[in-house]
Structures are given as structure tokens and as C-alpha cells.
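A lone chain, given as C-alpha cells: the form predicted alone.
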Amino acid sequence: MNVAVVDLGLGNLGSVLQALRRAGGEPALVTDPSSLAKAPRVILPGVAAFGLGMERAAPFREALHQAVTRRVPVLGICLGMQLLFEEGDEDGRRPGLGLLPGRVTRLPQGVQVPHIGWQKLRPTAPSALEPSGWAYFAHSYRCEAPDEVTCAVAEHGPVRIAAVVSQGTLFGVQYHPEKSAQDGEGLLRRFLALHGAGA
């Protein structure tokens, strides 16, 4: 096992595991927070509402904070990225994991919701994940992330979406790399190549 995939019981875990194997990973589903203590890398995936996601992620809060403190590479995917932030407005205002500054809000009026489809990524800052190419999105809420943690964006009409964020060895992608063909597989491969202080 070279990457622990947190099992929140939400979303497309099978697709994530298959994509990681294609990218050269040896993933293991984790249901016990204590299992993250020795994991060399951690992925937090999810497809659901923010409130339900936080209910499922609550038992992992301390283990995820410890992983980030140990500088283990951690990647949140879609809802998993949103949960990394301080709070979210879906299901009423709720606290997130608080690992990244910012909040999660509904996409504004005037753009199609949900935002589903392929978008070109535009890098805005250096990142070890080197996000580029095309990405497949499926979401109704976005992360209002500060510029200092945003390293790639996508345009949904007039709305700028923080597509990739990073802070130290903590990363998040709003899109689905497991559904983003070669560009998504490349990002997962680069994540699997990362070595943090605890990896």
C-alpha cells in the first residue's frame, strides 16, 4: 500500500481506486482513522453534500490534521477538497476540517448549476502536481480559496473556479482526476511520486 483512500461511504470509490492503480499506485481503502498514522500518502474523495460529508469525515478529523502536520502528502478530490476548508454553506453554514483558509459557497446565479463537463485548467502558481490540460467537473458548490493557496483555475462562464489548491503537502482538486483521462491520470501519478517528511 502506498496510498490510503479514506472511505467515507460516499461516491465513486471504485473509480478512484482503479485510476490510482492505472497511475501505478497500490491503494488501500481505510475505514479506521488510526490506519492513517502510517500511511505514506492519503486521498480524501467524496461525492455528496457538504453536511453529510462532514458527518462522515468527523471521525477522521484528528488523523487528517496529524497527517498534514507530519507533512504527509494529502489530496482531497471534489467534495474531499471542499471539506478541507474552514466552512461550507451547503445544508446551512457548517464548519469544515479547517485545514485550508476559505469557504465553500453555491455557484452564483447566472451560470449553469450543476457545473458538469470538461474545462481547460489554467495554472496560476507553481505546484508539485503540475495541473494542466483538461479536467472533468461535476459540482454545484465552489471553494472561495485565497490566491495564495490556488494554483490552477477553470472558467465556468464568468465564474472563476479554484480547480487545484495546495499548501505545503496538502492538495485539493475540485474536479475528478479519475474521470479526466490522461491529464487526470498524470496528476495522480505526480501525487503518488510525492514524498513528504512522513512518507
Partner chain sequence: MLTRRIIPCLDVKDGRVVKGVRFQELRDAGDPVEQARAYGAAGADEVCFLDISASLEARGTLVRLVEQVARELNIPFAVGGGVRAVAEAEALLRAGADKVSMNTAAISDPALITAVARLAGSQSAMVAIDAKTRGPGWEVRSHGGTRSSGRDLIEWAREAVDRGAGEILLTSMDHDGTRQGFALEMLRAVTAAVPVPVIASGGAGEPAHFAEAFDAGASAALAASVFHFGTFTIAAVKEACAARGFPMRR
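Positions refer to the first chain, counted from 1. A quick note: this is a predicted structure, and the numbers were derived from the prediction, not measured.
The same protein also has a form predicted in complex with the partner chain, omitted here; what follows describes it.
Not one of Gln66, Leu129 and His195 comes within 4.5 Å of the partner chain in the predicted bound form, counting any heavy atom. The contact residue chosen from Val159, Ala28, Leu52, Ala37 relative to the partner chain in the predicted bound form is Leu52, the criterion being a non-hydrogen atom within 4.5 angstroms. Checking 142-150, 40-48, 162-170, 66-74 against the partner chain in the predicted bound form, the stretch whose residues place heavy atoms within 4.5 Å of it is 40-48.
At a distance threshold of 4.5 angstroms between non-hydrogen atoms, Glu155 is in contact with the partner chain in the predicted bound form.
Contact between Ala23 and the partner chain in the predicted bound form is not found at the 4.5 Å heavy atom cutoff. The partner chain in the predicted bound form is approached by Gly117, whose closest heavy atom lies within 4.5 angstroms of it.
Among residues of the shown chain, Val113 is one whose heavy atoms approach the partner chain to within 4.5 Å in the predicted bound form. If you take 172-192 and check each residue for a heavy atom within 4.5 Å of the partner chain in the predicted bound form, you get Glu178, Lys179, Ser180, Ala181, Gln182, Glu185, in sequence order.
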